[in-house]
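In the block that follows, a single chain appears as structure tokens, in the form predicted alone.
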């Protein structure tokens, strides 16, 4: 950092504090560190300052000021993203704008089955408040105790309930957004049918803060599913898991809310993270499925699950299984799925992928991709798991245990290349639910068609001509001349 840059940074910090207030601006390195480090701690950066506004009006004021000073803004929610979308990468002229203080639930309307909530509200707290009113917000993520609804919308988060309820995009009525010039787009309507031209909220869902800062969200609610049946099943192969899914989709119809597959290694990884976690099924089957059906009212969910599993076990599709007899047991089954992620993290830096293919191609893709990884990185361990019903697989790769940090980086690079090469043959997506951020930008850009690139560039330049919002995230675009 040059002396001139250091002087400019000091001047910027003085101006930010004097205009916005000391309560809103953090500028000491130790204060900013939690906001400048990614979720897994793999990347640590810095920023001019961290801004923590308490209202939409303060966000707008901060955006206008940053624009005047020539500072770029990296919006941040719970900082739980996995693709560096909320991590600053140019400390000389970027500020982080955290929405964590904007955490109010403005309204829950039981008659309208809707809620309006500020972007900084933690997802689990929103779900709990809604449940107290007898309703349900179906977005469910492993990080829901930390992630915030604005970030969920900005990344179009997926999660375990996509099969039944869809991605975050399908759970949103409207948005309030501060635009790059500091103006406020108020689109918080809860109308279910509103066909007045282009649906502007869709521009910001999944945009990862590159077009504006989401400050509030109006969401769709459903009746609370007071009947839930959760089962962990052992199968002979991933092919059988897909066969089971097709059968479950037919027999359980829209009452099936989750259908996850896991390898036997999942139990080992989960126990490494949670040594006391009970494992209620033998850990030596080639494939496992964690399945959940849910409902309310007059439907008998337990009977449906029992009859379904009796039939598929008689046919030999399922070899073994257990049904949770209580909410605690159900939670423990889901902890195997969540603990598997923590177990991978305990083994150090590794490749985390988030890809999707057609459901009919899922088993073949996993087999081909794992083979390609083993050829590219002998000794590496593949951990393939994910959401069978939507074709989304997290094909993660653990480098050779004895590898040095430098060797791990090289092995991760080779494994990613091997997986993406197979994915391209299958015409799949490099990001099913995590977004692009900065981590996947190069892979994203190399796969963009000219027409799609032109449209995305035109959209960014029209809404954010000065490239104030999250520059370097998703696409690298120069400011308008």
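Positions refer to the first chain, counted from 1. Remember, it's a predicted structure, so these values are computed and weren't measured experimentally.
Keep in mind the form predicted together with another copy of the chain is missing from the figure; the text below concerns it.
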Worksheet item: Pick from 386-394, 89-97, 141-149, 368-376: which stretch has non-hydrogen atoms within 4.5 Å of another copy of the chain in the predicted bound form?
Response: 386-394
Discussion item. If the cut-off is 4.5 angstroms on heavy atoms, which of these, 446, 44, 29, 427, is the one near another copy of the chain in the predicted bound form?
Written reply: 427
Practice prompt. Could you spot which one of 112, 125, 320, 272 gets a heavy atom to within 4.5 Å of another copy of the chain in the predicted bound form?
Written response: 112
Worksheet item: Contact between residue 442 and another copy of the chain in the predicted bound form at 4.5 Å, heavy atoms?
Response: no
Practice prompt. Mark residue 207 yes when one of its heavy atoms lies within 4.5 Å of a heavy atom of another copy of the chain in the predicted bound form, and no otherwise.
Written response: yes
Worksheet item: Taking heavy atoms only, is residue 203 within 4.5 angstroms of another copy of the chain in the predicted bound form?
Response: yes
Item to complete: State yes or no: in the predicted bound form, is some non-hydrogen atom of residue 197 no more than 4.5 angstroms from a non-hydrogen atom of another copy of the chain?
Response: yes
Discussion item. Where, within 163-197, is there a heavy atom within 4.5 Å of another copy of the chain in the predicted bound form? Residue list please.
Written reply: 164, 165, 167, 169, 170, 179, 183, 184, 185, 186, 187, 190, 191, 192, 193, 194, 195, 196, 197
